[in-house]
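Below sits a lone chain in C-alpha cells, taken as the form predicted on its own.
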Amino acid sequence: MNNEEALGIVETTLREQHLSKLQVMVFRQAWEEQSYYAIAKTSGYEVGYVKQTGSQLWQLLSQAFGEKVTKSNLQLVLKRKAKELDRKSSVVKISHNSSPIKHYPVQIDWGDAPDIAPFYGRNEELSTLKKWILQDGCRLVGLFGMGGIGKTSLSVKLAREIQGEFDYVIWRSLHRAPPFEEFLEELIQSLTISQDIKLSHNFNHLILQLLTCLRMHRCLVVLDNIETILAPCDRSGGYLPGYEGYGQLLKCLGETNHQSTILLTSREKLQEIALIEGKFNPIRSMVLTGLSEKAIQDILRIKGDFFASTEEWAVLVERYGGNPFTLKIVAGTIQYLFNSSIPNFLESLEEDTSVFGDIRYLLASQMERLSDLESEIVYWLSIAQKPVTFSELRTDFVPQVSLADFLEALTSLERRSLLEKVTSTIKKKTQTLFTLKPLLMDYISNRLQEEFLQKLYS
C-alpha cells in the first residue's frame, strides 16, 4: 500500500470532512517515514507549525477510526482498516485508476528496529534485494559488511517497503545474544499469535514447528547483528558455546523448501550461507560497501551546512570509505572544532590519524575478534601500505605457516569484511591484489606507532 492508496482510505472514512493541503502533505510524508524537520524543510513551514498540524491530523484520524492514531503507528492502523474494508468486500477507490487495495501483513512486529528516517542512497541495493526476495523467491538472504556501513538501516528500509507482500513481518536484533531455544520459542509464538499452539520441549521439534509456520504463511523474518552469537578468534566461523543451534536452524531454513524469507545482517559472513549460496540458488548474500558521495552529503547536511569544494567532499568520503556511521561522528567533530570547514579538518589529518573516539572503538571491537594469525596478516598488510599479491604476502610473511592455515586466515579476513581485493593487469596477465580497508589501514598504522613509542620509552 502506498501513500495515495492510504490517503484514499482516509478520505473515504472521513466522508464529508476534507483535509487541508498541509494535512495532506504531512500525511503523505509521514507515511514515507519522514521526520517533522524534513516535512518542514519541504513545505517551507516552521517545524512547530508542522508538528501542530500533525497533532491535529492524528486526533482527527483517531476519532474517525475509533482508535489512537500517531505518526509512528499510522501504517499499522491504515493496513488494519484496509483489511476490514476488504473483508466487507467494499470497493474503495484509492487512486485515479481505482486500483484495488493491496495485500498487507496480518501481523507486524518491529521489535526494537530503529527509526531510519530519513534514508539516503542504496537504491541499487534495494532493487537487487527486492528482486531476490519477491521475484526469485529467495529463502535466506545475508547482508554483510563492516560495522557502521548501514546493514541495519538497509534491512529496516527494505522490510518496510516490501511488508505488504507478506502475512507476517518480524524484526529481531540478536545484539543481546538471546539463548537459542528462548529465541526460537518467542519467534514461533510471534508467528502463531492467533493460534493455540503447544510448543515442543524438543530442540529438533521446535525447528519443525517453525518450518510449519514458514510454510503455512508467507513470512519475512529479519535477524539483525548475527555476529554477536559467533565465536571470536574462530577462523572457521563457529558459534559461541551453547549457540550452535542457530547454525543448525539457518542451515535448515536455507536447504528446506518453504515460502518465507529470512533476512540476516552481520559483520561476518556466515558459513551456512557461504557454503550453499549461488546466483541461481534461493540463498544469496550481499556485501555492502560505502555510500556514494551524494548520499553522504545528504546525510551530513541533516546536521547542518558544511563548507567544502567538490574535491574536498570526495577526499573526506574516500578517507572514511563512505561509512555513514564514521562520517556522522566526523561531521560532529568538523562542526564543533573546525567551524564546519571540511578543508580545515582534512588539513589536520595530514599530521595525525583519522581514527578517533567511537571510530577507534568500532575498529578495536572488530580487531578483538581476530585470531592471532589473522592479526599478524593484518599487521603485515598495514606495513606494506599498498596492495600485494597472494604470493608476495606469503613470501614476506614471518613466521612461515602452512598454506592451509594461511588460506584459512585470509578467507576469514575477507568473511569479516576487513580485506579489499584489487584486480590488476600487468603484461596482459590479470592478478588479484590484497590490501586493507583504508580506515583499518590508518587504525593499524597508528597502533603500530603507539606500540613502538611504548617500547621506546619503557
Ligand SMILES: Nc1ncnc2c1ncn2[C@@H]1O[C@H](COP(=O)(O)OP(=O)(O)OP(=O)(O)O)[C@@H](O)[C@H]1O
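Quantities reported herein were computed from a predicted structural model and do not represent experimental measurements. Counting begins at 1, following the sequence as shown.
Beyond what is shown, the protein has a form predicted together with the ligand; the following relates to that form.
Visitor: Exactly one of Leu74, Leu370, Leu230, Ile299 has a non-hydrogen atom within 4.5 Å of the ligand in the predicted bound form; which residue is it?
Guide: Partner contact (heavy atom, 4.5 Å) among the options: Ile299.
Visitor: Which residue among Gly254, Gly245, Gly148, Gly321 has a heavy atom within 4.5 angstroms of the ligand in the predicted bound form?
Guide: In short, Gly148.
Visitor: Which is the contacting stretch out of 335-343, 115-123, 132-140, 373-381, given heavy atoms within 4.5 Å of the ligand in the predicted bound form?
Guide: That would be 115-123.
Visitor: Judged by heavy atoms and a 4.5 Å cut-off, are Leu291, Phe325 and Lys328 together in contact with the ligand in the predicted bound form?
Guide: Every listed residue reaches the ligand in the predicted bound form, so yes.
Visitor: Evaluate Lys269 for contact with the ligand in the predicted bound form, applying a 4.5 angstroms cut-off between non-hydrogen atoms, and reply yes or no.
Guide: No.
Visitor: Considering non-hydrogen atoms and a 4.5 Å limit, does the ligand approach Asn225 in the predicted bound form?
Guide: Contact with the ligand, yes.
Visitor: How about Thr152: is it within 4.5 Å of the ligand in the predicted bound form, going by heavy atoms?
Guide: Contact with the ligand, yes.
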